[in-house]
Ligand SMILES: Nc1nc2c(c(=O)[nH]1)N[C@H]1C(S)=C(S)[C@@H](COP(=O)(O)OP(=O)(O)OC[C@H]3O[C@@H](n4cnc5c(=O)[nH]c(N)nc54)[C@H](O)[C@@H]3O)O[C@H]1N2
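Quick heads-up: it's one chain on its own, the form predicted on its own, in C-alpha cells.
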C-alpha cells in the first residue's frame, strides 16, 4: 500500500486536491477535498456535440441543481431534457465504486487499486511478451476530455507499445472527418452556429436536429430571413414535419440525387465560375462524371418525381446563402464519404462556403468527437499529424521529449478491423474505455462471439452494469461528467470546459488519473512527467497544434476559455483577446479567404461510381430496416439517460418498430401489438407503431434499444470504415394477441 500511496502523490503534485477518495479504502490518510467556494460553476454538457453551457448550483460545496447558462453563445439559456437531468446519472446506485475482478466462478468481485493495476499490467505485458506488442489494443470514446484522450493515446502507443487503438467516434464521425480531409486537406468543419440564423436556404440531409440536436434547431428557429428549410430523408422525421420542403428519397439513394443535382447546375450554368476556377481542382473531371446522372435515372433511383428534383435544384439555386447540414444519415453508409463529398461539391460549385449562412456542414455526434478527431492518437497522430510521416513523428517526439522510435510508424487498424483480428488471434487483449460496444456495435451476435475469444478484457467505465462491463475480466471505476475537468470541442470547433462539481463515488477516479497510475505501474511514468494535470496537458496540446489548421496556441489557459464563453479553433498566437472580442462572443467560420488546406490552397472535387447496397431486400426479407435516434430524451445506449426517472417517463420502455399503415394493414398488425422483426442476423421482439412517417416497405427502430443492433448488417464505408447502421434487409411478422 505504500507503493500505491507514492503513486498517488507522484503522479501529480496537486493530486490530493484533484481527487476525492475514500481514505479508508486506499489507506492514504485524510485527503482534503477540493474546495469549491463558488455558489455556481459553469461547465459544458457531456451529451451531444452542441456544447451547451450548464450552470451547476452548489450548496455547501455540493451540486444541488442546474440551469442553462443564459450568457453562453451556444445555447443562449436553453437546454434539452438530457441537459436538465445531467446531474442525475452521477448518483445512480450502480456506479462503479471500486475495481472489480472476475473470479473463477465468473463473478465480478471488488478488489483494491493496487491489485487491479498489477493484474492489468501483468496480463497485458504477458500477452505482449508471448505474442508481440501489437496483440493488445484499445477502444475509446468521444465522451471524455481532450486531455484524457491525448494521455490515453500517448500512453498506449508511446508508453505501452500498442499499435492499434480506435475510438467510438468511428461509429458517428469518421465519414465526415475523412471527407473533409480529402476535400479540404484537413478535418475542418467550416461553420459556426450563427450560420443557422443567417441562411436563406438550409438543406438537412439525413439529419434530424429537432430531436438529435434540439438547441441547434432553436438556432434555426431564430432565423429572421424566413428561410426555406429543406429535409432530404426517407422518413418524415420531426425535422421534416417542421420543414418547408421534404424530399422522401429512397434509402441510400442520396448519392445519385446529389450527382443529379450537380448535373442540373452545370447544365444550366448555375455555378460560381470565379470561385470554382480560383479555389478548386477537379471540376472538369467532376463535370464529366455527373453526365451519367440524367433526371430520368435519378428519379428512378431516388423515387422522387422529376418535378421534385427540379424544384429542389431551383430552391438551392435561388438561395443567396445556402447551407448544407448532415449527420448520421450520411455518415453511416456504405458510401458515406463520397456522399458527404457530393454535398461538399455542391457547396463548392455554387460558392456556398466561407460566407455567412453557407457551408457544407457536418454536425458532430458526441460531446467531444472533435477532440477525439484531433488529439486521441487514433485516426491520426496527435494534432492531425501523420503516423506514416517521419518528419511528423520527429516533430511530435521533440515536443514531447521522447524517442521518435516510440511512435508507431504505421496507422492503427480501424474499430471493425481490430475486432476482426480477435478470432484469428492477432488481438488477444482489449482495453475498452467509456464506451459500450456490447450494445452499440453493429451485428451484436457476431460481436459477442468475437469478444468471448479474448484472453483478457478490461472495461473502464463509470457503471459496472453496462453490457460491456458485464463481459469484462477487469472493471476500472471511472469518474463521470461533472467529476473531472478538461476541455471539449463542439461541432463548430469551440473549445469549452468540463468542470468538477461533484466527488466520484468510492475510489473511482477521473480517467486522466487512471491513465497516470497505469503509466506508473507499467514503468513508463517518466515519459509523462510533464503531463501532471489536465491543464498541463492542455499546454502541451497547444504546442502540438502550433502552425496547424487547428492551431490553439493563442489560448492562454482554461480561464481564458471560461471568460470568453468558449473559443473556436483556429486561435493562433497571432490573434489577441481583442481580435476574439471576448465580451461579444464573436463566431468565426473557415475559408472566408477561399484558401483551403491542400498544398496548393485549393479544395478538391471528389467523386466515384455508385455502389450497390450490400444487402438489398428479397422475398424472405422484403423490408428495409432504418435505424436512428428515437427521442430527444434518449442518448446512445441509455447508460446515463436510463438513470433518470424523469427521462424514462418520456420515452417508451420497450423496443418498438415503426411500420407504414399500408404494410400494417396487409400484415394485420395493429398499433401497440407485439411483432417479430428479423434479419439474417436474428429475430427480436418489438411493439408496432403504425405511422405514415415511414414509407411502405420500410421499417424504423431507434438505436437506443439493445434489440436493434442484433439485426443490423456489418457493412462499412471503404474509406472511413464507418458502419452502415442505416440499411439492412428485414422482415416483420405479427404475433398472436396475448
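If you're wondering where the values come from, they're calculated on a predicted model, not measured in any experiment. Numbering follows the first chain given and starts at 1.
Not pictured, yet referred to below: the form predicted together with the named molecule.
Contact check for residue 433: a heavy atom falls within 4.5 Å of the named molecule in the predicted complex. Although the partner is absent from this view, residue 73 stays clear of the named molecule in the predicted complex, with no non-hydrogen atom inside 4.5 angstroms. In the predicted complex, residue 688 stays away from the named molecule, with no heavy atom inside 4.5 Å. Contact check for residue 628: a heavy atom falls within 4.5 Å of the named molecule in the predicted complex. Stretch-level contact analysis of 264-272, 298-306, 480-488, 539-547 against the named molecule in the predicted complex, using heavy atoms and a 4.5 Å limit, identifies 480-488. None of 205, 150, 201, 657 but one reaches within 4.5 angstroms of the named molecule in the predicted complex through a heavy atom, and that residue is 205. With the partner omitted here, the residue from 378, 171, 146, 192 that has a non-hydrogen atom within 4.5 angstroms of the named molecule in the predicted complex is 171. In sequence order, 232, 233, 234, 235, 237 are the residues of 219-242 having a heavy atom within 4.5 Å of the named molecule in the predicted complex; the partner itself is omitted from this view.
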